[in-house]
Structure formats: C-alpha cells, structure tokens
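One chain comes next, on its own, written out as structure tokens in the form predicted on its own.
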C-alpha cells in the first residue's frame, strides 16, 4: 500500500523552473550533505515549483504537506486506524517520506501548531531520526531522505514565527519575485501569452507591489500574473481577466480594488 501511495508522488517529467541564482546548486549541496532546507519568500514566487524541480532533479518522490492550525503530530507521523475490527497502523506523510527516502516538503511551516513542529527537530539535525512514540519505534532516515520547509516572512508575527531552535537547523534560501525579464519569460511560458503581453502583466504586478504602504499586504504574485494570462488565453478580455485573476484575489477593499483597476487601465 505504501509503495502505491509513494508512486503518486514521483515526478516523471521535468517541471519548468527558471533559476534566479545559485539556489539549485545550493540545494543539491545541502541534499548531498544530509542538511534540511528552509525556503523563505512571498506567496506565489516559485517556492513550491522549485521543490518540484529539485525532487525531479534528485530523482526522489516529493511528499508535500500544507501546514495549518489543526495539523497534529499524528497527521504527520501516523496513527492507528480501525480496519476490520483491528487497530492497523498507517504511516503519516512524514513517516512515509522517511521510510522511502523521499523529499518531504512542509509548506508554510509556521501555520502548524508549535507542538507539531517539534517532531521535526531530531530529523533536522545530525541525528536524522524520527521517533514514532505510539509504536515505540525510532526511524533512522536514509541518505536519500530530505526535509524541506517554507514560510512567508511577510506574514510572520510574534505568534507565527519559527523558533531559533528550529530555524538554526536549516540551510536557508531566500526567494523573491524574479527580475522583470525573467518574470516575463515565466509568465509567457506558464500563462501561454505573448512576450509583449507578459511584459505588460509583469509591469502591472510590479505596480501592485508598490501598494504595500497603502494597506495591501502583498502585491500580485507571479502565480496571479500567470493565472490572468491563462484567462486571456481562453478568450477573456484583458481588463476583466486582470480584475478577476489579480485584483479580486488580492483584496476586498473597494478603494484598493479601484486603484488596481486603474493600474490595469494605465498599463493596457
């Protein structure tokens, strides 16, 4: 059963990823040294795509967990389930990744409960081991296993931040939105639009990122620009495509919505 679950996480085709610097070489060096990765960066800037590309390049399955407030240790490690009148142990995604020598990616780690994140400590240091207390088992990670976590520093607070005891176990890579030329190339490729249209979308995205001082927590991500491009490729006009794929996902504030719509008008 675990082999069947694992096959679902193999990435057969090379994901499209445009490097911004030395992040691929650094991540490979960390993997070969048995070191875990911490990815920092804003929403939609390519952290998840980077992990997909890295797992493909390493030839390892990628098991991704989207962290949230209710994520428990059992959700990660595993639990006993009643099947046919018997209590049967079922591995959680973290345990499955360790057993299989996969890459385990905990997305937005700061959203998980503090008592849950503690379970990764022995995996993220020289011990590279996972205690499964309910089974009285200590699982040693094989050399092929890699732990990676991510978070968005723009949303961190006193209540939602990584403890120094956690973050100092990791090799940290900072991600940002690509420079305009690279971002336009990504939007054209992923959004299926022309180079000129992609450059206009990137210009719009850059303008929205300047609204941070006006109350907008984050401007348009590369992901949103791609989504707008995809709508345009399906025959939606530029302005409604930008409104529904960029403005509306960013804010509910009427004044900010109007400001973004005016930016669309000025760009297109």
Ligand SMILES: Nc1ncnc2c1ncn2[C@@H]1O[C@H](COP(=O)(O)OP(=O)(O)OP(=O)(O)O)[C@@H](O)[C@H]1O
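Residue numbers count along the first chain shown, from 1. Only a predicted model underlies this, so the values are computations on that prediction, with no experimental measurement involved.
Just so it is clear, the following notes concern the form predicted together with the ligand, a form of the same protein that is not shown.
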Tell me whether 186, 190 and 226, taken together, all sit within 4.5 Å of the ligand in the model of the complex, counting heavy atoms only. yes
Which residue among 44, 219, 61, 36 has a heavy atom within 4.5 angstroms of the ligand in the model of the complex? 44
Answer key: of 49, 203, 209, 239, within 4.5 Å of the ligand in the model of the complex (heavy atoms) is 49
Please run the contact check for residue 91 against the ligand in the model of the complex: heavy atoms, 4.5 angstroms, yes or no? no
With the cut-off set at 4.5 Å between non-hydrogen atoms, does residue 259 touch the ligand in the model of the complex? no
Residue 107 within 4.5 Å of the ligand in the model of the complex, heavy atoms: yes
Report yes if any heavy atom of residue 18 sits within 4.5 Å of a heavy atom of the ligand in the model of the complex; otherwise report no. yes
Just one of 193-201, 107-115, 136-144, 121-129 has residues with a heavy atom within 4.5 Å of the ligand in the model of the complex, so point it out. 107-115
